[in-house]
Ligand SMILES: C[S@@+](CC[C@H](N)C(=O)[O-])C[C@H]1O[C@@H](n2cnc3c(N)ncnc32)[C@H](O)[C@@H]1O
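One chain comes next, on its own, written out as structure tokens in the form predicted on its own.
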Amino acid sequence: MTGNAPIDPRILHLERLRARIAAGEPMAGDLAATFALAATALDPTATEETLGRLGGNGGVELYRSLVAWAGLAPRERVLDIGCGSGGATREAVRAVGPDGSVIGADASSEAVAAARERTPPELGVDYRILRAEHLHGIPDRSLDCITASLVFEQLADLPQAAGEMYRVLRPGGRVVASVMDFDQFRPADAAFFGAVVAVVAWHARGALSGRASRATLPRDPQDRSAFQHAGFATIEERDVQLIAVLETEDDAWALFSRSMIGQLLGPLGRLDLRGVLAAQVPHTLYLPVRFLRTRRPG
């Protein structure tokens, strides 16, 4: 009988993490990283199939625009950290051509499996299960560029990751990343997200501390010092927007239910979130994204 079917242990693990966050434990450090990993295990293609499909002002796209700002050239050697299901990784392969090389690295084995499934073998991507804080097997000064799409906020130890990125880059090599820029909402979108955050505050209050309580990368002093102490040059910034046209409740639910916000909530929280979204639509949501670029001097 279906009622006696065993529950996926990954679901139980995520529920235990949700309970800690709901009880007010700050969603920071190891807890934030562990939660992101658990959520990714259950839905490894979520980011690519939601945010990755959005267009933005000036023709911006999450992965293509990131790789374009990296200025990749043929024959370069690239590492895509937090590759997820491989959206940015495949863009990087197209940029460096057949004589270049690209490693896609993610801490989630489920994400790496999804990326391998979505990547044609002829592209020759080397996918590996690796944490950004421990890039084992990648030699010193062996890479020209590192890309990282929407992953820096999820790292347990950004200073350690910055040190590892510095180690594996050649002198003059660069890091190009994207982060969600929740400091830059339009007033109408701030009101929209305020209603969503109220649901999170009620059901998952620990999520409003830790990373969520700090300025968006790289504005927070701790984040700046992580890159400065590793030896990187001053970080350049470019702010853009992705546009989500939410005509119906189902449109909004398709976006939010697969986000980290949706994953933070249990059944009652998700029911409340759906009700809040229903009251907000129709709405055109401008999602602010910040592209970051720095380099190893030399």
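Heads up: residue numbers just count along the shown sequence, starting at 1. Owing to the predicted nature of the structure, the values given are computational and were not obtained by experimental measurement.
Keep in mind that the form predicted in complex with the ligand is not shown, yet the notes after this line are about it.
Only one of 79-87, 136-144, 194-202, 93-101 gets a heavy atom within 4.5 Å of the ligand in the predicted complex; which is it?
So the stretch in question is 79-87.
With a 4.5 Å heavy atom cut-off, would you call Gln241 a contact of the ligand in the predicted complex?
No, Gln241 is distant from the partner.
Evaluate Thr119 for contact with the ligand in the predicted complex, applying a 4.5 angstroms cut-off between non-hydrogen atoms, and reply yes or no.
Outside the cut-off, so no.
Although the ligand is absent from this view, report whether Gln263 comes within 4.5 Å of it in the predicted complex, heavy atoms only.
Result no; Gln263 lies far from the ligand in the predicted complex.
Could you confirm whether Phe232 comes within 4.5 Å of the ligand in the predicted complex, counting heavy atoms only?
Contact check for Phe232: no, nothing within 4.5 Å of the ligand in the predicted complex.
Using heavy atoms only and a 4.5 Å cut-off, determine which of Ala132, Ala115, Ala207, Val175 is in contact with the ligand in the predicted complex.
Going through each option in turn, the one that passes is Ala132.
Listed residue (Ala162, Leu72, Val179, Leu155) with a non-hydrogen atom within 4.5 angstroms of the ligand in the predicted complex
None of the other options qualify; the answer is Leu155.
Across 135-160, which residues bring a heavy atom to within 4.5 Å of the ligand in the predicted complex?
In sequence order, Ser149, Leu150, Val151, Gln154, Leu155 come within 4.5 Å of the partner.
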